[in-house]
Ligand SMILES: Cc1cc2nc3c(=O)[nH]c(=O)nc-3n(C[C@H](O)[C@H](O)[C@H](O)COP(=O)(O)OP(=O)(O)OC[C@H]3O[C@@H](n4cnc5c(N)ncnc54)[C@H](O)[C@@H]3O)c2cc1C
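Just the one chain here, the form predicted on its own, laid out as structure tokens.
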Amino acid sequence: MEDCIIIGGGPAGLTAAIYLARYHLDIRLFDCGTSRAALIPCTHNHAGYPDGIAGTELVERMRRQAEKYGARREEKRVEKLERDEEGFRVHAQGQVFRARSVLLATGVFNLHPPGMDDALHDEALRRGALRYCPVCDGYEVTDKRVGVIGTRQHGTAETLFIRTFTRDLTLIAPDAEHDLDAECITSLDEAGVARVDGPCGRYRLEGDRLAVETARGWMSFDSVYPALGSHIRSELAVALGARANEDGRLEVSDHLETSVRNLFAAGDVVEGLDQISNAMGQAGVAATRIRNRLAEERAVWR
């Protein structure tokens, strides 16, 4: 039986692995290889890297650090969690593992632009023509031509956030026409944001720019932000009875414990700011609480 099984191999899961391994606990980390951090071409707002660092390199450095202290990482997808008298049973690709505690760091999955194939998506992302996080990289689109694919309150809010970086903004409806209430329209008009109807469905790269087909024809942008929402990967915890909000974000205590005892969560799967720094901070808090909880429940003296 492990002291803790971590599900998710992004910044939150790996930070927790580093902490727990350095607490001399027996841990195992399952990583199915879909961390959003690995998709970041270069992050410039992560403290300590003034010239930026690629998401893949950051994740690899964290893996090496966790393994240095004895964390065991396996490339497996976890399919089911169960409770038993001593803790949890974790089902992963035909095998069952047992743990006294579980930390869920499964993150979220951004909804992609409608009709965009994977190859074009990944290349546009690599070139900076497609972006998902204006908190992370809004600085990089300062005074550039930017398109936002979205509508309603969510699309409006993301567009107005980006407006602090550039005035050349166009909100593009993903479907046939925009669905905007009077308040959204007024806010967009006051900010000088252009609006065009869709549907979106065809795209092409023009050098380092991304062109989008709209009701007005093809429009080319330095960067395009999809504002289509995310899928919160909280199903494992919810199926076990953990409480979540209407969007699927897990509800946790100040120490990142879900409503299921000894089931913890950290990172984007938790309500909060979708940022690497935030995920790492939550993981440190959760890992320390796990260590202290296990100390309360059994002796951990060496």
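It should be emphasised that the depicted structure is a prediction, and the values quoted were computed from it without experimental measurement. The numbering used is simple: start at 1 and walk along the sequence shown.
If you look for the form predicted together with the named molecule, you will not find it shown, but the lines that follow are about it.
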| item | value |
| --- | --- |
| Interface stretch in the predicted bound form with the named molecule - options 64-72, 41-49, 251-259, 237-245, non-hydrogen atom within 4.5 Å | 41-49 |
| Contact test in the predicted bound form: residue 286 vs the named molecule, heavy atoms, 4.5 Å | no |
| Residue 110, heavy atom within 4.5 angstroms of the named molecule in the predicted bound form | yes |
| Residue contact check: residue 279 to the named molecule in the predicted bound form, 4.5 Å heavy atom | yes |
| Residue 203: touches the named molecule in the predicted bound form, heavy atom cutoff 4.5 angstroms | no |
| One residue of 157, 133, 191, 120 in contact with the named molecule, assessed in the predicted bound form (non-hydrogen atom, 4.5 angstroms) | 133 |
| The named molecule in the predicted bound form reached by all of 9, 31 and 106, non-hydrogen atom within 4.5 Å | yes |
| Any residue of 248-269 that, in the predicted bound form, places a heavy atom within 4.5 Å of the named molecule | 266, 267, 268 |
